[in-house]
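Shown here is one chain on its own, the form predicted alone, set out as structure tokens.
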């Protein structure tokens, strides 16, 4: 039995972990940590957890014996402060923020600067050993010896999974890639913000961070890694839509040679043959965010615009599952030697 601690347990990411881990047959949630609502049962804040998880919320200095794995469902720059102490105690960490998605101080600085954070990492000595936690791409790097996993950004998950096979096979020109991505409001987290009031979101869509979204750093690095195109640069546009949860990423790239849709479908299905949460669909198949809602699946639609010889991929995920808590549990399963889908199998619900 693996004992886990969740720091940041009262946010959307923390609650998503509780929902998944409370039914995981190999896990015991040992403690829930947050900075607010100390002493209250988590189920008093989220009544749907009643009788499934009624643990009290603890402050950081109340936590009992160490866990085997600590999930850091915390804002940027919290994980880097807590990680050295957790690792010293022999605890492995899976961090939800951008603190450990990068292996060098320079790469972290590029990310942090895009969201107005200090660019100096406070635990740079740990960066080289951090594993980027997109399981389908880095499964072989995750093992019982892994101490730090940097969970990927939600947009990055949808874009990288959508483009990975095409990039590895050099089907498209790296500098022609456009990622046109739409997300539900829950991607902004639980913290109150006037931009996410009902009156601001209802019947309204908008693009944001056009000057440079932070997830571009992850996407460009991973696509360059897959294709050996070191100077790769993409165009990325993030948009908020009046939806609670879900991401739809429309991905475009110009073909290097003449593209054939059936051949690319076969290529994608072979690439993800051992990936239980990636489903490859043709351009004729029914697809949408509703069909991945509440699941750890990524549905990828393959289409070729023959007039332009342009590959068009549409990638769908639930931003709170495959884009966050689901990926974290998937990473934990691999770290601990469990079947990858343990605690994650399920169809979701429709409608």
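Only a predicted model underlies this, so the values are computations on that prediction, with no experimental measurement involved. Residue numbers count along the first chain shown, from 1.
Omitted here: the form predicted together with a further copy of the same chain. The next part is about that form.
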Judged by heavy atoms and a 4.5 Å cut-off, are 242, 293 and 348 together in contact with a further copy of the same chain in the model of the complex?
yes
Consider the chain as shown here, without its partner, and state which of 142, 171, 250, 264 has a heavy atom within 4.5 Å of a further copy of the same chain in the model of the complex.
250
Sort through 237, 104, 260, 119 and report the residue having a heavy atom within 4.5 Å of a further copy of the same chain in the model of the complex.
237
How about residue 202: is it within 4.5 Å of a further copy of the same chain in the model of the complex, going by heavy atoms?
yes
I'd like to check something about residue 189: if you look in the model of the complex, is any of its heavy atoms closer than or equal to 4.5 Å to a heavy atom of a further copy of the same chain?
yes
Partner proximity in the model of the complex: residue 228 to a further copy of the same chain, non-hydrogen atom cutoff 4.5 Å:
no
Please check if residue 269 has a heavy atom lying within 4.5 Å of any heavy atom of a further copy of the same chain in the model of the complex.
no
Determine which one of 172-180, 86-94, 69-77, 134-142 lies within 4.5 Å of a further copy of the same chain in the model of the complex, judging by heavy atom distances; exactly one does.
172-180
Going through 276-310, which residues have a heavy atom within 4.5 Å of a further copy of the same chain in the model of the complex? Please give them in sequence order.
279, 283, 286, 287, 288, 289, 290, 291, 293, 294, 297, 301, 303, 305, 307, 308, 310
